[in-house]
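So this first bit is one chain, no partners, the form predicted on its own, shown in structure tokens.
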């Protein structure tokens, strides 16, 4: 009976070996090799990794990637927490608004990117028309470096705020009412209740949301690809976008694999640092 049960595990093991372990090992081999026209032609050692630090485009895309991660995660989590606090009370139409709020989460990122092209269109886009109606001048959303980066971050925030909202709302609704009933006897300040009761109790959930958003933000590709195509110039090109252009447009697979491994190790380092700092708060 035990042997028959083990048989059903085999497809899962084969799947992991074929689609996770093998690509990981093979791409590491490619990152240490010279590649021409998709074929490995020789051993390159760490040359592809050393090349990254001499490539000014690499530093440019790395800088934008870090800017994107910091601002996108900070705004997404802040807005998600604010909305969760607002909706964590009895009000009419609550279920309808919850469902409406989560709509962007179920839309493909590339579709949101192309929708953003229409929304941020500089001549007749609805955002610029609204700004002009309110007396402001038009904003060069897609042709100016600062505003193009802002637009990419705004679309990502639009999509992922519902994710933070759902998780944090579930966390808020799991908190015991008795604690708040006792707190109301000591203070009438909503800020004090949030600062000394709600925030400490919801911190583990908040940390999980930040961790998941960090990992996802480092991998962003669809939105800058569809919204700005990495422009103007390479101002909104992220590290994953640069890996794509080097690997699948220029067929420089060795260099692209080295950058992909750099991104993986950077994400792992951020995750390990975050977990250790977060765990130290509860030990």
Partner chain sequence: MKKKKKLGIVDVLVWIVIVITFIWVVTPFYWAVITSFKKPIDVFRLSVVPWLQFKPTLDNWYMEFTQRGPEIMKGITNSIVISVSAALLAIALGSLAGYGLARFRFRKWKNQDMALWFLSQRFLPPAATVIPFFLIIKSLGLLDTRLALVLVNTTFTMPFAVLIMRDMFKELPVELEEAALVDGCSRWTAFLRVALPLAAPALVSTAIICFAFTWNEFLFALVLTYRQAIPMTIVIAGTEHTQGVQFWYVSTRLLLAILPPAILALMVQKYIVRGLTMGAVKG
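Between two forms, the rigid core is the largest collection of C-alphas that superpose within 1.5 Å. Just so it is clear, the model here is predicted, and its values are computed rather than measured. Residue numbers count along the first chain shown, from 1.
Beyond what is shown, the protein has a form predicted in complex with its partner chain; the following relates to that form.
Among 121, 71, 196, 147, the residue placing a heavy atom within 4.5 Å of its partner chain in the predicted complex is 121.
Although the partner is absent here, residue 183 is not a contact residue: none of its heavy atoms lies within 4.5 angstroms of its partner chain in the predicted complex. In the predicted complex, its partner chain sits within 4.5 Å of a heavy atom of residue 102. Put simply, residue 47 is far from its partner chain in the predicted complex: not one heavy atom of it is within 4.5 Å.
Among residues of the shown chain, residue 251 is one whose heavy atoms approach its partner chain to within 4.5 Å in the predicted complex.
In sequence order, 97, 98, 99, 100, 101, 102, 103, 104, 105, 106, 107, 108, 109, 110, 111, 114, 115, 117, 118, 119, 121, 123, 124, 126, 129 are the residues of 97-129 having a heavy atom within 4.5 Å of its partner chain in the predicted complex; the partner itself is omitted from this view. Remark: with the core as the superposition reference, the CA shift of residue 263 between this form and the one not shown stays below 2 Å. In the core-superposed comparison between this form and the one not shown, the C-alpha atom of residue 23 has shifted by less than 2 angstroms.
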